[in-house]
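Heads up, the chain below is alone and in the form predicted alone; it's given as structure tokens.
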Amino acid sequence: MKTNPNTKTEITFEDFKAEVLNDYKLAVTSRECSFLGRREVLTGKAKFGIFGDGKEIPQIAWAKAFENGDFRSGYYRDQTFMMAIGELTIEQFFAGLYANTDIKEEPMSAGRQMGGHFATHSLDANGHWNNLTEQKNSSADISPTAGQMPRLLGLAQASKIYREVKGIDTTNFSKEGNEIAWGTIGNASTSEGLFFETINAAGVLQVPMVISIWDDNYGISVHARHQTTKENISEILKGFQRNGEEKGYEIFRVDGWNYPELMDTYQRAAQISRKEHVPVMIHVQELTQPQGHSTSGSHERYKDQERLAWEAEYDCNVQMRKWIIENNIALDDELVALERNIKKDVRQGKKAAWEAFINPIIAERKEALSLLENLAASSPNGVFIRKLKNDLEAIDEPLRKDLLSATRKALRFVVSESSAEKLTLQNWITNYINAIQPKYSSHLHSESSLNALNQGEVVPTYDADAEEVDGRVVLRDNFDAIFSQYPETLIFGEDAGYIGDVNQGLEGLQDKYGALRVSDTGIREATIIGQGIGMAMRGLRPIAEIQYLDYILYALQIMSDDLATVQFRTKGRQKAPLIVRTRGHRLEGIWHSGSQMGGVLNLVRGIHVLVPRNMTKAAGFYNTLLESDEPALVVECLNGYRLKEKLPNNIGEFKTPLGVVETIREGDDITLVSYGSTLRLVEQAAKELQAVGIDAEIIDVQSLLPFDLNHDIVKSITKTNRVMVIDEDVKGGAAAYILNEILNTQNAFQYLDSAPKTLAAKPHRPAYGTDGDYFSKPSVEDIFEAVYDVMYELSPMDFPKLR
């Protein structure tokens, strides 16, 4: 089904005819898949469908310009393109609809994403890089509208880095930076801020990016007049058009039903972008969407008869068919015969995909039915168990949910019985869950040998007369070592380049390593993260700097929906080991001292979240992460850059382990758990508590995701029998997460003699100024009094009430 563009300078009419008919066959095949796909949803075999009908011909033109090494970052309408580059078969299309969990049957996501979300395999089964220059690549799609745009920027920037930065091993990743990153988006989604942010950034960076805007005049039911000024996205963006004096975009407009013009447009766009590293925008107009937005409704509800008649006439497949006949390339009879065969092929492919999906479940049901029958025969409650068995047997198209629901319910009828049949069923259920659950839950994190948890600790070492320096110097020197050791590393963000970041942690490094490796960006957090995701997907090791923790909110959607899910949504066949660097905690004011950790923890599962208390610990985390293949967020202490730390003599080598806590003060009366800048307040409070006879043990969490893998906190609690979590996040935020881990994962409740406590910030953003900090977040006095109250409850005689 793949397109086979003829690259000879001169071709015969027969060659030309064969290529055109192959293109038409592909377009009709894709359309027939869309039609049958919708039917499968309406009959209940699939849950939801969103298809690429109406976009077939421009996607074939695009595929002819797409070369090995190129990358796609698109949205859920690009099925024809994926078929055209040979990365989506009829069977795989339907396997995606059925959510087949076998990655060999459904290579896009192993059933983890709905149909229409496409990916190629950048990694082998062991998590090692394939040679991306020898294959056509598609970064894994996400559903959020315009969410694919930030990543597109990074995929394109990687080519610029590979072309212009010397010393990088490009073997598997680039051939002289000649790769294009191709993006697609619907016209309605161009209203999203992520689209405009990406368009602007790509124009500034001048990267080889070609963006296709599929314009069918609607966003679900909403007409373009409600979406776009002048109802025309390329019209309002024409100020981006480059000229002889100013850099910018090359902008093309083309009708989506015009086969020859589409072919010419995409070839010209590719030549410009690939050679000159110029971003190109192709506004593909006058497209149709024959089946409406999705299977959730009909487009006839919101399109009038005039529009529907126009769409019927200017459907791209209809127009191509007409062009073929008018130009004497084929007769109507030939096309009818071809179309008839295609319908047969698609039906057969659909049937094969369904059988590949359902047959393993049918075999698993056979086992379950046998076990239920044996259990029923051995139990006084056999009549009830046999009903469960009969109900399961009556399901024409069972799901694994049905098998487990029936077998688990059966155990309720034999809960007081003891039999071999019961034990057999219990074991079967346990083994079945253990075997099946990973099909839906594996690869939240890397499962390769480069997993961050496999990187062992290397402690900092010091000379006898080690110099005490500002913490930012430790970071700076460590980054210097990193950039020297890893040519593929680069760092970028607001003020990260010329001035060496706002806290001088990158001082002088742009001069040393160049503006492409240590670079400034505009104020655009979402696309800063997107740059990092895309470059990491292409083998670089980017560090994306978000100036303050508060600004993470601008980028949180991209971190949550895209970065955190890369491994999961590809079942380990793509990765983006991006390091996100930021700073936060304990400053003044609503917008520069928030602690959004509770939200972050809940939204970025799949990303490691690290909260070092000083810059040596932070530097160690960077060293660890660069030897792993996983993404992470590192939150440096904003008020720690000028605090003195000893300068290690093994800069660039020491490593802070993930998921390991550190006891920084031993004590016997209560375990105090905290992280980041708040630890300094806890340490001061512990000194003052010691003066009144309370001996507190202090544990630095260091790593929130993952959390205390060795369960060292519960070991402390077995000694102190009391615990308090102190956090500058609001109540119910990170402290609640930490306490849940201690009580429910580490089972510490059984060792507690007092109720577990949390001490958190007030439920509002911190007010400005020193007093604002004091009255908004836990202070030394707050910590002292909270701990003292715990001891008062234990022994009022020894610790009389303070107030």
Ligand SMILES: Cc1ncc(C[n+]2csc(CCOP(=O)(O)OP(=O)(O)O)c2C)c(N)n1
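Numbering starts at 1 and runs along the sequence shown. Note that the coordinates shown come from a computational prediction; the quantities given were computed from them, not determined experimentally.
Just so it is clear, the following notes concern the form predicted in complex with this ligand, a form of the same protein that is not shown.
No clash is found between this ligand, overlaid from its position in the predicted bound form, and the backbone or C-beta atoms here, as no atom lies within 2.4 Å; the site counts as open. Of the candidate stretches 69 to 77, 682 to 690, 360 to 368, 398 to 406, only 69 to 77 has residues whose heavy atoms lie within 4.5 Å of this ligand in the predicted bound form. Listed residues 605, 293, 163, 592 were compared with this ligand in the predicted bound form; 293 is the one with a heavy atom within 4.5 Å. With the partner omitted from this view, the residue of 120, 702, 289, 560 that lies near this ligand in the predicted bound form is 289 [heavy atom within 4.5 Å]. When contacts are judged by a 4.5 Å heavy atom cut-off, residue 192 counts as touching this ligand in the predicted bound form. Contact between residue 460 and this ligand in the predicted bound form is not found at the 4.5 Å heavy atom cutoff. At least one heavy atom of residue 219 is located within 4.5 Å of this ligand in the predicted bound form. Contact between residue 378 and this ligand in the predicted bound form is not found at the 4.5 Å heavy atom cutoff. Contacts to this ligand in the predicted bound form (heavy atom within 4.5 Å) from stretch 140 to 156: 143, 144, 145.
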